[in-house]
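Here you get one chain, nothing else, as structure tokens; it is the form predicted alone.
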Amino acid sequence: MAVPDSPVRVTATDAPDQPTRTAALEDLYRGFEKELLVPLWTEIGDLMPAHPKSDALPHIWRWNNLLPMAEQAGELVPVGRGGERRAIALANPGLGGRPFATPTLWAAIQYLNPREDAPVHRHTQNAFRFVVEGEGVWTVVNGDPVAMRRGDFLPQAGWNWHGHHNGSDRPMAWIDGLDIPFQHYGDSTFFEFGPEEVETRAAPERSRSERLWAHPGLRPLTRLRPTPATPLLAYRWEYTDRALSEQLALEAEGYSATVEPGHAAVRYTNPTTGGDVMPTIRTEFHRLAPDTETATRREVGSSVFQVFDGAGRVTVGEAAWNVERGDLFAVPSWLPLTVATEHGLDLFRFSDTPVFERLHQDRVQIDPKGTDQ
């Protein structure tokens, strides 16, 4: 009989790799429960599997379902102190209802009504915004107003003051990505309230950060030291689009420029180091030309994709979906991923890969096309 009030449960079984069930063994296990001890021999299969087995599941969230509910929340839910943001998080069905897209990554749709402010605050979690449609909102980071438009990627490292204001007559929705689950499990989070309104309602075409940093290949001599996260607050769609188009054009001309035939990809980088934009999050953009299918790829760590444009077929482990503009899907650690498209497909991706690279636990396996999984 288990020890009352103990969270530890140790069960004797008749499995071939377990000790013989006896009264003495049962007494030993009750002693373990009382003293909050867990024997490795009953847990090794779960603690040390042959390969990663995530509790997270492959899952897709449909933009056509998310956006109407965000619009309804805009009518019913105010933005202000307490809730802070009208953000609706993706909850992976394998994670017990927690608001986590994967064990380490948060993703949410955020919605701001016309002429509305999201209050200023700061937190240790690293964050970004990615805009799949719309414009009119400025995010103000440490007093620097940064325009948000379709296709823009807007990183914002932890512990920087930030708020948002919608200066237009139309609502706007976008995707937030953060490392909330990672910092939550590590007990490393801090949060602080700022003013209820943003510091400025200025709406410049280019932020101060862009004026200083958004010049490809050029670095200001006043900022030569590396920073742990990117100082550039906006990576504009026109540059991303051009880079991807040129990769495919060069491939068509016979030059090696793509990661695989028909598959162009870029990574957003920190201009002070050339590394990832944030210590815990990697962000990329992928473009598949018409009639392209990727090789099957497995990777330690998880990722979330959003379809920016086009349509295609995505297979993650045993799950498969037809995807279209705005849809988001989660890829748990070490599950095989394949993407195919008939007419072309643009995908934004963010992942926790930098964490595993720094721990020297990263691993990638690319299976040749046509092999059985």
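Computed from a predicted model, the values in this text were never measured in an experiment. Start at 1 with the first residue shown and count on from there.
The form predicted together with another copy of the chain exists for this protein as well; it is not shown, and the discussion that follows is about that form.
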Partner absent here, but in the predicted complex, which of 287 to 295, 210 to 218, 130 to 138, 167 to 175 has residues with a heavy atom within 4.5 Å of another copy of the chain?
210 to 218
Within a 4.5 Å heavy atom cut-off, is residue 15 in contact with another copy of the chain in the predicted complex?
no
Please determine whether residue 181 contacts another copy of the chain in the predicted complex, using a 4.5 Å cut-off between heavy atoms.
yes
Using heavy atoms and a 4.5 Å limit, would one call residue 53 a contact residue for another copy of the chain in the predicted complex?
yes
Look up in the predicted complex whether residue 91 has a non-hydrogen atom within 4.5 angstroms of another copy of the chain, and give yes or no.
yes
The listed residue (201, 150, 115, 267) that reaches within 4.5 Å of another copy of the chain in the predicted complex by any heavy atom is 267
Sequence-ordered residues of 28 to 42 touching another copy of the chain in the predicted complex, heavy atom within 4.5 Å
28, 31, 32, 35, 36, 37, 38, 39, 40, 41
